[in-house]
Every structure is written in C-alpha cells, then in structure tokens.
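In structure tokens, one chain follows: the form predicted on its own.
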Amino acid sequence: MNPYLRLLLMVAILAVWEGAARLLHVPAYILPPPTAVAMGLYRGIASGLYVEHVWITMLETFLGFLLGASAGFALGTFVALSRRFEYYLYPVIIMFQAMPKVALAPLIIVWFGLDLTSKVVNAGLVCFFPLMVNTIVGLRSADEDRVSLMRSLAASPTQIFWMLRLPGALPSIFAGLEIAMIFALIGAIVAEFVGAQAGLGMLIQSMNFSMDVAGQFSVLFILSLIGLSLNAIVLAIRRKVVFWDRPAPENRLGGKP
C-alpha cells in the first residue's frame, strides 16, 4: 500500500471541492470552500477556543467508553456463560437498546444535569451494546471439543474461561471496542447538542446560531481527526494484545499474500 496515494486522493478531493465552490459561486453559508474552513480552523486554534473544548469532549468520550465498555463486557460475559441469565435479562437489554439514544438524551440531561456526568452516561449507553454483542459472539465461538478436553482434564469453569474462552474471544472483543470507541464519541456529541456548557457539540450549536458554517466545518474536521486517532489507539492496543490474530495487509482487501 502506498501512503502517498492516500494523501494524493485527499488533496484531489479538497481541490475539487475548492474549485466547485468557486466556479459555481456556492454561498459560503451553504458550503464554504476548504480555504475558508482552514481559516476558521486556524482562528479557533490560535485563540485557544478549540483546545479547551477538544479536551472536554475527549474526556467525556474516554470516560463514557470506559463505562460502556466495562458494562458491555461484564453483561456480555454473563449472557454468554449463563443461559438462565440470558433468558431473563437479554430481552430487557434488547428492548432498551431499541430505544433511540437521541430521544433518551434529554431525559439523561434532566436526570444528571448539564455537567460532565450526563455526557459520560450518554456516551456509555451508546457504546455499550456493540461490545456486549461482540463479547457474547466471541465467548460462544470457543471450540466445544477443546472445552470438553479441558473438562476431562478436571479444569474448572474459571480456568476454561481464562485459558480458552477469553483468548479465543479477544479478536471479536477488540472489533467491538473499535466500534464502541467511535460510538462513545458520537454519544458525547449528541449529549452536547441537547444541553452542555462546553464541548465541541456545544460549539457547533453556537456556530449554527451565528451562521458560522466555515467554523462548523472546521469543528467537524477536528471531530474526524479525533475519531481517527481513537480508532488508531484501539488498533495499536489490539496489535499488542491479540498478536496472534494479525492478517496481512493484502489479505484484508481479499488479495493474495
């Protein structure tokens, strides 16, 4: 894979965007050109405005991710290992997941206020379900012949879990963590849209009222970079932990090794 081709593609997209916005005389309040977005980004960073709100949103995202991922892994483990637990609790979890989190966000703001707690709770709720499902799938994918072999060797359920089920489930769990991390960022932004005193979501709302479209695009650009960085962190941890499950780059696209 050539990284320069990826960079060239991004430059080409920006060039087409800039040229189309200028040649077609698109109003800046509808679609500002990339140069205007870059100027808005520069002003926000130079004034220190973006830095303050970035750290608040990232804190909400990380804490929400830790909350949702911990709950998702714990409940996913219980559901995967206990049929009785699955029978009674899993339908309740599915019903709760079916509720749109955008509709729950105003209630969460009412219950927990406008401060950090409500954003963390909403981010945790959004990222909880993907990890729970991936945990269940991963833990249940253990080879039953190997499970039977360990039982024949007098292995306890705890030993089977730590030595067989969990290592085999790690690729699936980390796939869920990749999704959960991005969902946590989305959940934090949604909560900031509904009601917040700081954060990038609140900043977008404020710019929307003042018709600063270039500023909104610059904040969206920052959010995309944050999402890319968070995903890279999870992938880096996955390469260290699940070192035995690392397909070749060619195979990820279906090519031959």
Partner chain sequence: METETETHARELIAVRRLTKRYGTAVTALEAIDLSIDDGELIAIVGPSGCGKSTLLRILAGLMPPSEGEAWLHGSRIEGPRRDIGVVFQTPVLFPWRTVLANVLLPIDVQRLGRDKMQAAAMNLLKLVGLDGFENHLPNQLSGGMQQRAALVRALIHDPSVLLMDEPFGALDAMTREQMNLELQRIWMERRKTVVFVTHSVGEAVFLADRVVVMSPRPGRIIDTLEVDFPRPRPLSVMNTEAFGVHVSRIRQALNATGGLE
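Owing to the predicted nature of the structure, the values given are computational and were not obtained by experimental measurement. Residue numbers count along the first chain shown, from 1.
Not pictured, yet referred to below: the form predicted in complex with its partner chain.
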Practice task
Look at the candidate spot formed by 213, 216 and 220 and say whether its partner chain comes within 4.5 Å of a heavy atom in all three of them in the predicted bound form.
Solution key: no
Practice task
Considering only heavy atoms, tell me if residue 82 and its partner chain come within 4.5 Å of each other in the predicted bound form.
Solution key: no
Practice task
Please run the contact check for residue 107 against its partner chain in the predicted bound form: heavy atoms, 4.5 angstroms, yes or no?
Solution key: no
Handout entry: Close approach of residue 75 to its partner chain in the predicted bound form, 4.5 Å, heavy atom
Key = no
Problem - Close approach of residue 159 to its partner chain in the predicted bound form, 4.5 Å, heavy atom - result: yes
Exercise for the section: May I ask you to choose, among 133, 179, 164, 116, the residue with a heavy atom within 4.5 Å of its partner chain in the predicted bound form? Expected result: 164
Completion exercise
Partner contact check in the predicted bound form: of 124 to 132, 82 to 90, 96 to 104, 167 to 175, the stretch with a heavy atom within 4.5 Å of its partner chain is 167 to 175
Practice task
Within 4.5 Å of its partner chain in the predicted bound form, which residues of 147 to 183 have a heavy atom? Give them in sequence order, or say none.
Solution key: 148, 149, 150, 151, 152, 153, 154, 155, 159, 163, 164, 167, 168
